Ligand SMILES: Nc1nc2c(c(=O)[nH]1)N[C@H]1C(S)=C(S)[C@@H](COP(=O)(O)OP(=O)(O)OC[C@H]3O[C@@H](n4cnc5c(=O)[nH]c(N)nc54)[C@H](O)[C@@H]3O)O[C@H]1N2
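Okay, here we've got a single chain as structure tokens, the form predicted alone, with questions on binding and movement later.
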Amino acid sequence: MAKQKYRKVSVLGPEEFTGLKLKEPVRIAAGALGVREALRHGFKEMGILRSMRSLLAMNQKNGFDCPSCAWPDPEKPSRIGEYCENGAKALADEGTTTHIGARFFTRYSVESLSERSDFELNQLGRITEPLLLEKGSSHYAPITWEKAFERIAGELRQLDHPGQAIFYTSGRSSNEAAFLYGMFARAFGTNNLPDCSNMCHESSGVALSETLGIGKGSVTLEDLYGAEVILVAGQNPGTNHPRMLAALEQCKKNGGRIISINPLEETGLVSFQNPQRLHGWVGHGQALADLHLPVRINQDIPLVKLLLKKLLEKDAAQGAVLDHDFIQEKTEGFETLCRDLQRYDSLDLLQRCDVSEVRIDQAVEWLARSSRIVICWAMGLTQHKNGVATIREYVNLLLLKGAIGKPHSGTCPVRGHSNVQGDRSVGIMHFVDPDLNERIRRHLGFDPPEEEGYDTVRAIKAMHEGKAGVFMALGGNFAMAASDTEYTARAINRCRLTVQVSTKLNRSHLITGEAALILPTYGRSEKDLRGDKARYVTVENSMGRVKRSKGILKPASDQLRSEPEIIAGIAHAYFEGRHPVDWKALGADYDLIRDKIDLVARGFEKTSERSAGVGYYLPNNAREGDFSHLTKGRAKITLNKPPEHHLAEGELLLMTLRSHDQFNTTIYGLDDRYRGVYNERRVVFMNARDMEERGLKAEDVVHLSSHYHQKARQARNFKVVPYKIPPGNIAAYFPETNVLVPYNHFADRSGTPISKSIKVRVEKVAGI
């Protein structure tokens, strides 16, 4: 591919401070303050009536699915409002009445827009018409839909081979859109289908597939209610999945215990006021975590090994601690694990995880007495080089306790974006599934490619090496979500054409190929009309239930098109109507898409009929305790080595995280009240001892740098915030610190970037 002359675009945006104010962290999650903040955002962006009408329809049986996280809806959603603060912010962000179109882009060049922060870009509003940034131009200009489709089709035809096209998917798209997208990529001839799962829960999918035979969690929402012990590991539900707190509250009400395992003690697990209940508006809230284990970053494997050793010792001494019947009938590898655990010194494991043995013994006591155990986790486990091994070690704990395949027990990877799991279920995957390919041949009438495609990491490398000419993104903010920001930007720049199917402006619209298209689409909350008929789409939540989503708001513009229509339009233009699949018909009638999904995707059946109301669960062998299709028909107990980071003198281990005012790369505001940070994002949380060793005090300005394979990367201008975090560990927000994550360091077997364990140095800025 030809190398373009780069536009003078700011890849990282401004590095100036916005006015840090530090206060005591708010120690109660949700409650009246959360409601106030939710309504404030909604009223500001949408107005009172529009905001309230949409909030009351979100996550209801005949309404639309929240555009934020994938947490499941209860069987009987609250009529008061089945949403959280972050969901309300996502809705306000999507439903804003502030709009931008061709006139705006005539006034502002991509270079000038790139000087704004990600927060400022997001505040500009909804994009209302299709736009083209032509080669050599610095301004987007309007383009008709038909010409946009022809431009994409023409660029695809000019490629030397299908492997030079990359089709990325975010987790916001519907099942219908994702299915069409994945099938078009395969009909075009490539499995280059990287998606946001590659950057978040791919480690979960690999680990669970290897051990339990399915790359999804095994529990339902109701299982959490009756659990005796829930481990919440590497997860901050108070900010990232706030509705989960209500499920934990119900578990506590039923006598269950919550154990938090995380380097940071997060407010959501300290105390929770449920605004759906009267007591949630007064008092000090419900304490959720009965025990917090402040494990060092990425030292979960030593911690779990210590738990397992102590449980084995207790079982040998008193019996009835492990479920030996389950182990004998349903698993393989138990004796090997027992021998392997004897190799590890308990004191060494204790020192590695740096958790009080008193706390660990308390956790062991509760686990020993319990058989109904759920383990929940998120990015704190997955985004490490040993992410797959870490999750497998937690699965070992469940298998030894027989806590898989029975009520109120099992695995619970808590997915991020609202339909990221559904995307995978309907065929968004870069690897080859022979059974899926056979169903494609039988029911869609074409031969799909047999070569594995690029995941996210390999897609970036291919673009950087000039091996890709067209990059298309179905939603998301790829440039900011991916690791190694500057490397990724240069990779994208080398494409001939980049295409973004989007609702709002983000930095990925400014970091482009030689030419770029923005194709504006409906938000989840907006009406999708075909003539006078309102159409609906389907999504899959974090626990495998498929249900309908039907928007209610007037769209931001009459020039928007739905994602299925956009994909069908591109496919029809490319194939010129000469293909076994009638793409145009599918883009018009979503029932036809669902009929094809039922035939091609595993587990879907009568989706147009069964997705009504609360929807239906896809099959899940682990939930049923059925491991018959695994080797020897048994779940796998595995051996997993502790991580070795080998920090050099002066190095610290950095974990990236979200503020309370963001969802993924979308920045709603500049406050993080649960951590006491206001009006600033360029902060680094540090242990007081590490600060003292480096001669730092609160609000000193520092640069962060990482060094891998003689390559230095730097994130400039961060203010130090003293925080309760294990010594040797620091934390800072993404995407600002994604620039420090090397593109070529990622989890074994899953390819997930190491965003939660980056070796860095902290350098004080002289004279500031």
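Values in this document were obtained by computation on a predicted structure and should not be read as measured data. Each residue number is its position in the shown sequence, starting from 1.
What comes next is about the form predicted together with the ligand, which does not appear here.
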{"item": "Residues Gln164, Met463 and Ser750 all lining the ligand in the predicted bound form, heavy atom within 4.5 Å", "value": "no"}
{"item": "Option from 612 to 620, 131 to 139, 629 to 637, 494 to 502 whose residues, in the predicted bound form, bring a heavy atom within 4.5 Å of the ligand", "value": "494 to 502"}
{"item": "Non-hydrogen atom contact Ser54 with the ligand in the predicted bound form at 4.5 angstroms", "value": "no"}
{"item": "Contact flag, Val684 vs the ligand in the predicted bound form, heavy atom cut 4.5 Å", "value": "no"}
{"item": "Contact label in the predicted bound form: Ser203 to the ligand, heavy atom within 4.5 Å", "value": "no"}
{"item": "Any non-hydrogen atom of Tyr181 within 4.5 angstroms of the ligand in the predicted bound form", "value": "no"}
{"item": "Heavy atom within 4.5 Å of the ligand in the predicted bound form - the one residue of Tyr674, Phe663, Tyr590, Tyr454 that qualifies", "value": "Phe663"}
{"item": "The single option of Ile230, Cys196, Val539, Ala571 touching the ligand in the predicted bound form, heavy atom within 4.5 Å", "value": "Cys196"}
{"item": "Any residue of 441 to 479 that, in the predicted bound form, places a heavy atom within 4.5 Å of the ligand", "value": "Leu474, Gly475, Gly476, Asn477, Phe478"}
